[in-house]
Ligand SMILES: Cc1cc2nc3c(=O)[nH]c(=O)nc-3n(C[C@H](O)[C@H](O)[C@H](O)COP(=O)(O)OP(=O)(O)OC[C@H]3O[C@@H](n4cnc5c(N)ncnc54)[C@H](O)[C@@H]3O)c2cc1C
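One chain is shown next in structure tokens, namely the form predicted on its own.
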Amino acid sequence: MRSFVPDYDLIRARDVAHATALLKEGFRPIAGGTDLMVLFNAGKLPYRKVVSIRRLPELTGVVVSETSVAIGAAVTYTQIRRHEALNREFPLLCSAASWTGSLANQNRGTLGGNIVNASPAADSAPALLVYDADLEFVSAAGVRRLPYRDFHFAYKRMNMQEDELLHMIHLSRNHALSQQYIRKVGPRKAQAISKVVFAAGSEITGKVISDVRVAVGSVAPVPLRCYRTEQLLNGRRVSAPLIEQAAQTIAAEVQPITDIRSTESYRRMVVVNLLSEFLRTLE
């Protein structure tokens, strides 16, 4: 059954302070609405009071400083794809933005929305994990900052209070990942929910791996940073035996399921193959 529009209250926030005040009154935020409007159209949106944050200047810009880039939570995928500094220094995130839905969705969908929707299949999540992103939240009580790797703790459960608004996503410009790799595997090249999203980055000196980071989506209840695999690889010299050992480690570390989009065995095989492909680029 479709929703009845007069049953819902929608207020456009004047600024971030106004938005956070409304959150305390039980309103929930909406920016691009590419996920929420699907629920609304199906009559399954779980709340009736909504505050629009789409046009707030504090949330719609990208600020580049000497040490970091701060991306407003309401910055769209199109803005990310077209941003010069992001393309130059954070290409994994720009690639993920280019895969997310149609061009129309990229014009409306936001990075913050992708994060707080908390889908384990989110295209941007593995890239943000590889870049060690930080999230900045605001509420009537003040500002809180949290490493993105600590944000998801169970399926659709997040380290975020109902009166908090995601304000900024912070990326360090000192990530020193000279080797970067990302792949999305889906049923087609565009407008497809991923079967697997894989991202990785590292330094490599004389075939010795350092500061390696590996993250995967659609293979666990949450976007997954593969710490055991990273620990195995760090400080090791790239070799065929190491690649085989890493493949076995990540196969045990991921937790894929069989669902309407793919099977557990296929997802696990794809993750192993993508890790192996990334490591072979380091040889």
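Start at 1 with the first residue shown and count on from there. Here the structure is a predicted model, which means the values were calculated and not measured.
What follows is about the form predicted in complex with the ligand, which we do not show.
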Margin query: Taking the ligand as it sits in the predicted bound form, is K195 in contact with it (heavy atom to heavy atom, 4.5 Å or less)?
Written below: no
Notebook entry, point to check: Within a 4.5 Å heavy atom cut-off, is P221 in contact with the ligand in the predicted bound form?
Noted result: no
Check: Taking heavy atoms and a 4.5 Å cut-off, does V216 contact the ligand in the predicted bound form?
Finding: no
Notebook entry, point to check: Using 4.5 Å between non-hydrogen atoms, is Q179 touching the ligand in the predicted bound form?
Noted result: no
Note to self: Which is the contacting stretch out of 198-206, 141-149, 104-112, 82-90, given heavy atoms within 4.5 Å of the ligand in the predicted bound form?
What the structure shows: 104-112
Checklist line | Contact residue in the predicted bound form, chosen from V38, A240, A252, I257 - any heavy atom within 4.5 Å of the ligand | finding: V38
Notebook entry, point to check: Has each of V130, H175 and Y266 got a heavy atom lying within 4.5 angstroms of the ligand in the predicted bound form?
Noted result: no
Next item on the list: Go through 112-143 residue by residue and record those having a heavy atom within 4.5 Å of the ligand in the predicted bound form; state none if no residue qualifies.
Entry: G112, G113, N114, V116, N117, A121, A122, D123
